[in-house]
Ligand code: EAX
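Take a look at this one chain, the form predicted alone, written out in structure tokens.
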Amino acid sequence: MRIAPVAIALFAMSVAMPAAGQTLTVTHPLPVNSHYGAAATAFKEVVESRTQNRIRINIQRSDNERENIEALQIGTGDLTITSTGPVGNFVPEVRVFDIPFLFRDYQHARGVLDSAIGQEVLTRFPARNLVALAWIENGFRNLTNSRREVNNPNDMRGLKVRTMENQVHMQAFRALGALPTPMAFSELVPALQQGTVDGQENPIPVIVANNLNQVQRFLSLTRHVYSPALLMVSPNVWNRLSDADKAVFRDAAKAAVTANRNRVSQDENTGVEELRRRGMTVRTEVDTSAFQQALAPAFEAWGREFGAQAIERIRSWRPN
């Protein structure tokens, strides 16, 4: 009984700060040489440098984003980088950013996420037992398939398209006449190889990094959705950090954002020609107005779900 106070004090110290030499793992679903890999590497470099390697970061590829998020919630995972596709199942407020044709360009999308609009959404995560350190990005999503060129919604009728586990995306593809098939990213390539689905939609950096040209023939630059991503940490980890270490993590997250966005911009500039070089047939111009018209009923539904004013606040954002 006399040693109990000592044991309690030691336990409290272990909870309050990371142990010397602690290693944390950040998972993400893409290859090392990717825009997610760039973010993870930048985060790792800042954390290890600023803590003199007292906290080390291990980077691990893990293709199932939903499982990675769940691991943070239950405390079996440390950090993860994930698209917002599955995040809406945990934090519904992020779904508003998945509405098609919401953002004009990268400046618009990045500006909104960095503004009070995006930062307000990040405050919703702790209530779902998650901590979101920063918005990073996947990029504008484009359609690939193995059957035909796609220029307008009529070309999409009957196409089986893999989507993320995201109700907004699935509703959009149904409105366009396609057959959305949600599945984890880890299942995508086998599904394309076996013909379970005809196509998929992802940003150019993802298509290039994962060599999807090997299982897809046609690429249409639909740019139908801007796909944000998040760097998140488990509350189990976050609550053990000292205030000083939390500041290090926040600075490391800012470095991750910069590295991620720079890599996305680089891949956007070179990726289309690279995919052409690899043999894909690329349609650079599509009938965007026809896609938007076909989505009119869905836009009405999203206005009711998310609030027309909230959507207009995003659409009308301009830099100061």
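One rule holds for the numbers: they count along the sequence shown, beginning at 1. This structure is a prediction, so every number in the text was calculated from the model and none was measured.
Same protein, other form: the form predicted together with the named molecule, not shown, and the subject of what follows.
Asker: Which residue, V94, A134, V233, V206, is the contact with the named molecule in the predicted complex, using a 4.5 Å heavy atom cutoff?
Answerer: Residue within 4.5 Å of the partner: V206.
Asker: Work out which of F173, Y226, F249, F185 lies within 4.5 Å of the named molecule in the predicted complex, going by heavy atoms.
Answerer: By the 4.5 Å criterion, the partner-contacting residue is F185.
Asker: G37 versus the named molecule, in the predicted complex: is there a non-hydrogen atom within 4.5 Å?
Answerer: Judged by the heavy-atom cut-off of 4.5 Å, G37 is well away from the named molecule in the predicted complex.
Asker: Does S83 reach the named molecule in the predicted complex, with heavy atoms at most 4.5 Å apart?
Answerer: The answer is yes: S83 has a heavy atom within 4.5 Å of the named molecule.
Asker: With the partner left out here, check for me: in the predicted complex, does some heavy atom of V87 sit within 4.5 Å of the named molecule?
Answerer: It does not: once the named molecule is placed as it appears in the predicted complex, V87 has no heavy atom within 4.5 Å of it.
Asker: Taking the named molecule as it sits in the predicted complex, is N138 in contact with it (heavy atom to heavy atom, 4.5 Å or less)?
Answerer: Answer yes; at least one heavy atom of N138 falls within 4.5 Å of the named molecule in the predicted complex.
Asker: Counting only non-hydrogen atoms, which stretch in 29 to 37, 53 to 61, 269 to 277, 290 to 298 is within 4.5 Å of the named molecule in the predicted complex?
Answerer: Of the options, only 29 to 37 has residues within 4.5 Å of the partner.
Asker: Can you confirm whether D155, A178 and S220, the three residues that make up this candidate site, all sit within 4.5 Å of the named molecule in the predicted complex, judged by heavy atoms?
Answerer: Not a single residue of the candidate spot has a heavy atom within 4.5 Å of the named molecule in the predicted complex.
Asker: Heavy atoms within 4.5 Å of the named molecule in the predicted complex is the criterion; list the residues of 152 to 174 that meet it.
Answerer: Those in contact are R162, M164.
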